[in-house]
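Below you'll find only one chain, the form predicted alone, shown as structure tokens.
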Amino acid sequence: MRTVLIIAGKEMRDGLRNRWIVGATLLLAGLAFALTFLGSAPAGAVAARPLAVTVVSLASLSIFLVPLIALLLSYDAVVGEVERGTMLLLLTYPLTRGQILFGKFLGHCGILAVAIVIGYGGAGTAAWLNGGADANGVRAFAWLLVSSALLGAVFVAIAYVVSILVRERSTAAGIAIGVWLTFVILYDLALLGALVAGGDRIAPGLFPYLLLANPADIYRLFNLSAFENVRTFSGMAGLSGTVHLAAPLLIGSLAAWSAVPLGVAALLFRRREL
């Protein structure tokens, strides 16, 4: 475990020195503050506290930005090291491939967590000071941070699978963008088209499980419907009454979405020839 943590620390130090990561953190912070102060305007009309408005706004933002940042951060985690020749150098040390992979995973997830806490934490604190918050709002915001980090971990793990399967960084980058488009945009469009075209032929009990097949939908459903004050403001009250998925199931499914691709990546990396 100590070896894994050393590799994770190295990845975090390298990432935090990267100007691109600093830029991504500033982007998250800037957009979060903009949504917090601009989005709090309608709060009085619907009797919603600013922190609840912030959770709705940041959840909608995170669905697009967090997966993209995670994929761009880690798509070359393996193939990039192989191209530079540093992977063979790492394997000359008393390290297993599993230790290298899990260390990199912890490091990349740590970088994302730092970016999310810094980027969103300041905006959440400002919303709290601006209008106060009840315990439910604070809990919803805390779970927003946790689930955003989990969402990032999902796409880091998926990026590792891509990075192990390909032989060139450019190919990995193209597939990573395709993965982002598929999960964040195309899946929901396809699901909506299927519901419109043949909604009567889709069993009502099947729809919730179609949502569980997409980590972005799990994240959206958890953050916009798991807490009453957020659910009322986000307009998800009707959906939460139809889709009976408990919050522990949703957060557990998000954790499983990160664990399964990581396990697949570990198996593929063990068999890859360098």
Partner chain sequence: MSAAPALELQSVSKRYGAHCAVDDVSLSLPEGVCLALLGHNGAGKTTLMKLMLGLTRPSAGTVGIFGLDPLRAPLAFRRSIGFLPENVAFHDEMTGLEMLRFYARLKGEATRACDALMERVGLTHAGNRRIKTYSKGMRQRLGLAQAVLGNPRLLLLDEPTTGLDPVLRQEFFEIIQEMKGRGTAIVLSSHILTELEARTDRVAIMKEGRLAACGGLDELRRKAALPVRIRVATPGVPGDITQRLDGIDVTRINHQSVELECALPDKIAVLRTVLGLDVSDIDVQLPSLEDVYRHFGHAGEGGS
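Superpose the two forms; the largest set of C-alphas matching within 1.5 Å is the rigid core. Numbering follows the first chain given and starts at 1. The shown structure was predicted, so the numbers you read here are calculated from the model rather than taken from an experiment.
Form predicted in complex with the partner chain: not shown, discussed below.
In the predicted complex, no residue of the candidate spot (Arg167, Ser170 and Leu262) has a heavy atom lying within 4.5 Å of the partner chain. Residue contact check for Leu91: one or more of its heavy atoms lie within 4.5 Å of the partner chain in the predicted complex.
Although the partner is absent from this view, Leu268 stays clear of the partner chain in the predicted complex, with no non-hydrogen atom inside 4.5 angstroms. At a distance threshold of 4.5 angstroms between non-hydrogen atoms, Gly193 is out of contact with the partner chain in the predicted complex. The closest heavy atom approach of Leu274 to the partner chain in the predicted complex falls within 4.5 Å. Heavy atoms within 4.5 Å of the partner chain in the predicted complex map, among the stretches 95 to 103, 141 to 149, 159 to 167, 183 to 191, onto 95 to 103 alone. Taking the partner chain as positioned in the predicted complex, the residues of 5 to 32 that bring a heavy atom within 4.5 Å of it are, in sequence order, Ile6, Ile7, Lys10, Arg13, Asp14, Arg17. Core-superposed comparison between this form and the one not shown: the C-alpha position of Arg13 differs by less than 2 Å.
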